[in-house]
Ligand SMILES: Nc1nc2c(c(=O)[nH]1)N[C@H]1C(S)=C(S)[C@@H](COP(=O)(O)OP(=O)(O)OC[C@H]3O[C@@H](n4cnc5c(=O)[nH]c(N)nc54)[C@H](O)[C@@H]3O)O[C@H]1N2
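Just the one chain here, the form predicted alone, laid out as structure tokens.
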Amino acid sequence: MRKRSLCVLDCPDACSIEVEVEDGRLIDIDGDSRNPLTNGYICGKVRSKIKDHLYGEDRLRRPLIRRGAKGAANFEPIGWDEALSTIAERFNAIRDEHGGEAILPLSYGGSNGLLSQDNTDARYFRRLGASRLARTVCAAPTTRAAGGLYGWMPGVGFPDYAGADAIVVWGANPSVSGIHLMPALQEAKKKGAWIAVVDPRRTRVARMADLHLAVRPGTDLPVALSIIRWMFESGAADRDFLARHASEVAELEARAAAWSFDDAGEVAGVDPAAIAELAARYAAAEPAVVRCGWGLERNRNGGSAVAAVLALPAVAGKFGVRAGGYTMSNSKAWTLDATTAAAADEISTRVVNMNKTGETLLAGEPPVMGLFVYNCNPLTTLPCQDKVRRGLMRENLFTVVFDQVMTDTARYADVVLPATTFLERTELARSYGAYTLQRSEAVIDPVGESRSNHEVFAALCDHAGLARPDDPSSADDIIDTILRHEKRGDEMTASLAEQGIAFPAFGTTPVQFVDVFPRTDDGKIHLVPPELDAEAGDRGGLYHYEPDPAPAPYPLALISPAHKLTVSSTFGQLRRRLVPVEVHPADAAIRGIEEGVEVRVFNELGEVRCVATINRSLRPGVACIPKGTWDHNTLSGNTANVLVPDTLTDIAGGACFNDARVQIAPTERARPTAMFSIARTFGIARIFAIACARVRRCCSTAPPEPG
């Protein structure tokens, strides 16, 4: 039997999908054409991994309770009623003894479904008086910058990129994440479009581009400001457009004046002539569009860097034509608010920045005594991994993990609850790339005793004595409540019921400054938004560049971009091979590192032991361990996040993953074996070396090193 559904994993595209089901079990999965952007094509991650994710050995099938030491993953099954009663009683006791703020809910984007977060869960935690979470691990600086400059104006639709004369892809890699932009880029290229990519790596998109600007991590800001300065000084700035539609023009011009192409090139480690070419080609093209991603926000200058890149189309006057302008996140095209279904007042309790989770668990005031983790895997995804692990190891911390599989974090839980996947529950989801709102029903039977998020948190309210008779708790009631608050709620409800999908009033390919406009209070572009400038005041204000903090012993910038096999950390349990650290040949030669040898990647925060692979696609001075790596993917049981500081971005308190500065050195076991040399001769060195390293890890008598 064929059934329709949708993917709600953390990706811009929100694919509509079709599945084949037999006796309540998934047989096959493919795309369908309801979402015009994805149009029947889905990524290889979901297509190849979802069945193993659903039915694999790591899938959680029953509630579990800890019976051994924390971190040992020694659990025994219990019933749902016992699990919910245990959680409700412990959290009520924590509230009564320590206050509600001693309870911390920890969640992020493991599901982008509106039924999976901010409805019955918000109800439960608000009524407990729990601490509030600032979800800042990703997209916080970009969201704040896009809101400050444009009021979250909807962006250029991906299909329109095919008609652009010039395209700048800055800090994004759509060949791995948000793949449905790729066909439009390829079509634009065939038509003669000029494409530039700004990224420390030579990605697949960079290889097809006319210009690749391989900037040092953290230096996007001066490069963007140098382009703005040149446009103002050369006459390429559209001053008429700016006079009509923008404010703080003179202030932006003054702040960019410090950065010439030469200065920016020196700081970013790129040829100033290449920056000049990007500026000239972009300014001359009509139409021209900028795809701004999330990579450039992941450092101390992240918010200012995003703001500077988003200012480019305003200064150049690229709006008002199809395929002209920019695209960031389009989630704000919808004003949907899942918390309308919480049926609970907003609480005024402390706010915990999730990038400080480790510090908060170890030294928060009041101390966190109860932790509830859902829709995320913090031990794998948050900065300062060692702090997070030590916090989870506290015997006086009662931890609940609600997930689909036994994650690295779940191993440290006191109670583990099995969650449904998006195929096993009703869901409502908006895209942040495509302009779609979709609803789907469960298409397969829940695996084991897994339950949906909204169902479990509603049940917790019951067990905790916090439920009220008029609480919306069923999937239908929650969806009806969310849509009832929308101007076009009835229209969207009808479209969702008939087709499973709805679209904004302006369609799926809006023209900026024709169909959509800035949503700021005065309708203007704010090039130096006062609220952002004030927020960045301690660091010199918006657009102030803070130099690289790297101390001399740690000269390499470690980045952790998205990987082609995982969605953040989702599907990481299925990636069983060791994950290598990637280094440029020049950096490897200096350190005596050969392909496949075992190395230490370290700084003052910790170390990762893994194998090395030589990658000419990196710029010199940059190393790479992808995000979403689990502890079983390294020799030491640590990942790149053990090397990442918990410092924050200039605005919005974002994570500074790309501010990790490290040294890499061969270990005492790094010398390639004779067999490895033979394998290298036949071109299979990397595969052989990784296999050998994995055998060494498995056969070692020493336990994996702690964080």
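Position 1 is the first residue in the sequence shown; the rest follow in order. This one's a predicted model, so the numbers in the text were calculated from it and none came from an experiment.
The form predicted in complex with the ligand is left out here; the points below concern that form.
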**OP:** Select, from the options 258-266, 588-596, 518-526, 398-406, the stretch whose residues sit within 4.5 angstroms of the ligand in the predicted bound form by heavy atom distance.
**Re:** 398-406
Subject >> in the predicted bound form, residue 357 touching the ligand (heavy atom, 4.5 Å) >> reply: no
Original post:
Wondering, does residue 453 line up within 4.5 Å of the ligand in the predicted bound form on heavy atoms?
Top reply: yes
Original post:
Would residue 426 count as touching the ligand in the predicted bound form under a 4.5 Å heavy atom rule?
Top reply: no
Original post:
Does at least one non-hydrogen atom of residue 225 fall within 4.5 angstroms of the ligand in the predicted bound form?
Top reply: no
**OP:** Would you check whether the ligand, in the predicted bound form, lies within 4.5 angstroms of a non-hydrogen atom from each of 109, 171 and 177?
**Re:** yes
**OP:** Report the residue, out of 154, 217, 433, 370, that has at least one non-hydrogen atom within 4.5 angstroms of the ligand in the predicted bound form.
**Re:** 217
Original post:
Can you pick the one in 327, 566, 603, 613 that has a heavy atom within 4.5 Å of the ligand in the predicted bound form?
Top reply: 566
Original post:
So which bits of 280-304 sit within 4.5 Å of the ligand in the predicted bound form, heavy atoms only?
Top reply: 293, 294, 295, 296, 298, 299
